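Form predicted alone, single chain, as structure tokens, below.
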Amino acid sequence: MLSSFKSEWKPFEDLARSFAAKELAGKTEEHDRYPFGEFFHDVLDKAYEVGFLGIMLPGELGGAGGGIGTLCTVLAALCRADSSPGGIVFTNALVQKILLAADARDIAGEIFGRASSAGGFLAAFPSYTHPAHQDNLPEYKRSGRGYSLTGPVDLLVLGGLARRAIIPARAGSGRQGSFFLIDLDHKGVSKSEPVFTLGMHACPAVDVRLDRVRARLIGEEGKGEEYFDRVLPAMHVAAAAMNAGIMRGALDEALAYARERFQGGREIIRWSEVSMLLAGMAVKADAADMCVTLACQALEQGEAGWSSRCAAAALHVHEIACEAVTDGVQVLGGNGYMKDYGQEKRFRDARQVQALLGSVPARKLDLIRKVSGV
């Protein structure tokens, strides 16, 4: 629905909605069984073929060369059907943005420009954390002409699928972090089984332990958090777009169910209590779309002062998304808690998406510090 605010995004929205209708509709429960069921490699391969895994990456590096509005439009359309593919697209875009922020185009070209498959085009990253908020980052040391990393990496998203990962690390007890590229096939990398998270099961993460793993510095030493802060405004909005899509999916199912379900001799949509729940969901979905669209336009136009506003908009969208999916469960009554329907999954996924880029309390504290200057 973002394209209703900006027509230039409509071709990308149409592409993503067509992809979702063919590859995701009717299969979300099956896909969500992972890691206790099969992973949807065929869907991932097709997402790679249509360019979703490199939406914001420049064309000369193997990407589609789109802007933040293009990414958000695709994410919203995918997550309207199933947020797990959206999480994969989000994580890959986050890695690519970090590489570009660090002016590491040579590394981006090596990873993505030479890839010939979805697996080769993926890169893992701990997307649920903000490096500055983490106390247990791996430690890096100089090793000959390069570096080595040792320590834990919790919830490395796509770590079980990708061949490479971007890892934040610190030097000893120092607080300044750096980013490094590692090969996940290195003998010093130990991976857990896929972590069974609250939501987005088919956007898998693993816990990793590194033991003197060879690493390649990205950008300049000690500037990892600076690079991460540069990409945060856009990626906050991208995460908000995911929850905007989840809200639309919840509203779609709630409306369809309310029109078909009869109680007391009439469709339940004619009962005022149900109508009020649906109206509230529709208001929240429209508000989310407007927040995401305005933030995208401000970022694409390079308007000053939008870093804090993007963070605030994303926090607001996440909060109303959690409210909307809760109402979506209520519209379906007892069926809303059943895996046969989609609302139970959206209830979990909305909260999982809310956790992207760090915990909500930490992000709120960051926001008030920036606003107050304290």
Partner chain sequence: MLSSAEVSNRLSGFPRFEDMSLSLPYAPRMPKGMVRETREVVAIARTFNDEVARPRALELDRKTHEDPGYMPRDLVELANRWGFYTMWIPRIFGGRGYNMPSMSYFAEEVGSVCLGIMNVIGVHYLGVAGVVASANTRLAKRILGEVVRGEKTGNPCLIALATTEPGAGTDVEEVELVDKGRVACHARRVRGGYVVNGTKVFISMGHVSTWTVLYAYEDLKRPSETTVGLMVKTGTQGFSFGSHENKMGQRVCPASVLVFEDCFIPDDQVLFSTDMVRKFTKKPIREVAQRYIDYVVGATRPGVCAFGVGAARGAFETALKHASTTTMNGTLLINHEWVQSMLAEMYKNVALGRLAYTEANYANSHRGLYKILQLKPVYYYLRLMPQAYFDKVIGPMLEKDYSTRLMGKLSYDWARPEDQRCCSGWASLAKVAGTDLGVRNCQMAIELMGQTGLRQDAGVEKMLRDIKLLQIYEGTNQLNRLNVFKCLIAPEIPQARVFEEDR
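All values reported here derive from a predicted model rather than from experimental measurement. Numbering follows the first chain given and starts at 1.
Keep in mind that the form predicted in complex with the partner chain is missing from the display, and what follows is about it.
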Open item on the list: Is it the case in the predicted complex that 169, 190 and 310 each bring at least one heavy atom within 4.5 Å of the partner chain?
Closed with: no
Open item on the list: Taking any heavy atom pair closer than or equal to 4.5 Å as contact, tell me whether residue 47 reaches the partner chain in the predicted complex.
Closed with: no
Task: Proximity of residue 155 to the partner chain in the predicted complex, heavy atoms at 4.5 Å - done: yes
Task: residue 104, heavy atom within 4.5 angstroms of the partner chain in the predicted complex - done: no
Task: Contact flag, residue 334 vs the partner chain in the predicted complex, heavy atom cut 4.5 Å - done: yes
Task: Contacting member of 301, 116, 263, 173, with respect to the partner chain in the predicted complex [4.5 Å, heavy atom] - done: 263
Task: Sole residue of 134, 143, 150, 297 within 4.5 Å of the partner chain in the predicted complex, by heavy atom - done: 134
TODO: Determine which one of 264 to 272, 214 to 222, 241 to 249, 107 to 115 lies within 4.5 Å of the partner chain in the predicted complex, judging by heavy atom distances; exactly one does.
DONE: 264 to 272
Task: Stretch 341 to 358 - residues with a heavy atom within 4.5 Å of the partner chain in the predicted complex - done: 344, 347, 348, 351, 352, 354, 355
